[in-house]
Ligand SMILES: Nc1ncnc2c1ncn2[C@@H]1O[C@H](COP(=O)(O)OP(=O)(O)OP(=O)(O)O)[C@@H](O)[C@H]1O
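Take a look at this single chain in structure tokens; it is the form predicted alone.
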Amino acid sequence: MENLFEKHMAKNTVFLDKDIISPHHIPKNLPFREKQINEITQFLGPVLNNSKPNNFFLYGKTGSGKTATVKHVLEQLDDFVKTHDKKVCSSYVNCRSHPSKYKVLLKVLRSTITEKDFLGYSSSFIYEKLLEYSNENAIHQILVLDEIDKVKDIDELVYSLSRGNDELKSGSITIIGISNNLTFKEKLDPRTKSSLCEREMVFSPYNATELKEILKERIDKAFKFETVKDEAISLAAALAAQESGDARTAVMLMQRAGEIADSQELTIVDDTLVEKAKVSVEEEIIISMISTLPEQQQLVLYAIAQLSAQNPTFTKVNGEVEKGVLFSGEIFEAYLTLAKKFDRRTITSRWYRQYINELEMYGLILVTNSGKGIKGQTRLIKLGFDPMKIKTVLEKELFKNF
């Protein structure tokens, strides 16, 4: 009897190196991010002359290349440091996986002092150990805090790290914060903001033309020669551009289209397979998008999902019945209740309206102005997906730190 994996390995495939078309792959070349790469390099330049660089923050929507750009520059810096004997080290922390001051500091210390595990020690001990390491070795530490807005006690963390330099006689600590939340800094305590002395950079979403070029570069290495039609690349780029310019969405579409081709024993990936891939990965893309939303925006969306799950209806003054439609005001009230439950500071009505606009832009909700048949002027909001699925995803995000 033929081995299952012998049979599997004997199948034809359109892929040359499937990992390259994975959304987790970070390419060596980053098209359309040369300006950002040069700016970050300049920001970090002083560290090579034994000076502390300013803290800086990178903002931008999911899939706009923030993390890949920072990691690319830090790889270059690490290579330079090794060959030029500079006292610089860097640590990367995904704050989604390490969402508290203690977990962030522990992760940094573990990557800095590898010969000992500090699990179980207090937060203050770990913090002092981190400062001691910089001071005694004259080391300049660069800490990359990705999705920094996911840290629940962010004010304490940022204030401690930024003020830590005042205690150092040699060496330094520099923070590079990365966030999908453009308003993140505004919600920090004024004391924390004043201690940062930061620079800022905003990453714009990719457009369809840029996404097509990004895909072409990956496809040349990921797929076999001439297996992918140009119209397939154009469609994947256009669909991703509609989803707020997310490069990862474009990559996921091409990866899944290739997988469909293999499963159907096809040798060409065309636009019809990308259309099939869109249906296949749509839910995955939505889940990915929701999980990377800023926490306050997640609370607003959770309020919508929670109310939508109750199958709301209302009757217009002309007798017409609307199903699944919510009033903007009732959503805001539900959001305030949730924010109190999760012990989170509440946003103003102005920021609430902005979040609603962004959720509409992502295609997660439908928004219309109240018209004929409804008293007064308000916005009517309807969830674009199954409320129970949205709730399940958000509960995993919101409850894990509660």
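As the structure is a prediction and not an experimental result, all values here were calculated from the model. Numbering starts at 1 and runs along the sequence shown. Each form is matched to the other, and the largest set of C-alpha atoms that superpose within 1.5 Å is called the rigid core.
Although not depicted, the form predicted together with the ligand is the subject of the following passage.
- Here the chain stands alone, but in the predicted bound form its contact with the ligand, taken as any heavy atom within 4.5 Å, falls in 67-75 among 67-75, 125-133, 275-283, 188-196.
- None of the heavy atoms of Glu243 is located within 4.5 Å of the ligand in the predicted bound form.
- Proximity of Gly384 to the ligand in the predicted bound form: non-hydrogen atoms within 4.5 Å are absent; the residue sits far from the partner.
- Although the partner is absent here, Thr174 is not a contact residue: none of its heavy atoms lies within 4.5 angstroms of the ligand in the predicted bound form.
- Proximity of Ile214 to the ligand in the predicted bound form: non-hydrogen atoms within 4.5 Å are present.
- Exactly one listed residue, out of Arg248, Lys101, His140, Arg256, brings a non-hydrogen atom to within 4.5 Å of the ligand in the predicted bound form: Arg248.
- Site annotation in the predicted bound form: the residue of Ala334, Leu30, Leu48, Leu364 reaching within 4.5 Å of the ligand with a heavy atom is Leu30.
- If you take 114-151 and check each residue for a heavy atom within 4.5 Å of the ligand in the predicted bound form, you get just Glu147.
- The rigid-core alignment places the CA of Ala232 less than 2 Å apart between the shown form and the other one.
- Shown in the overlay between the shown form and the other one, fitted on the rigid core, is a CA shift at Met289 of 2 Å or greater.
- Relative to what is shown, Met361 and Tyr59 are closer in the predicted bound form; their C-alpha atoms differ in spacing by at least 3 Å.
- Relative to this form, the distance between the C-alpha atoms of Met361 and Ala232 is increased by at least 3 angstroms in the predicted bound form.
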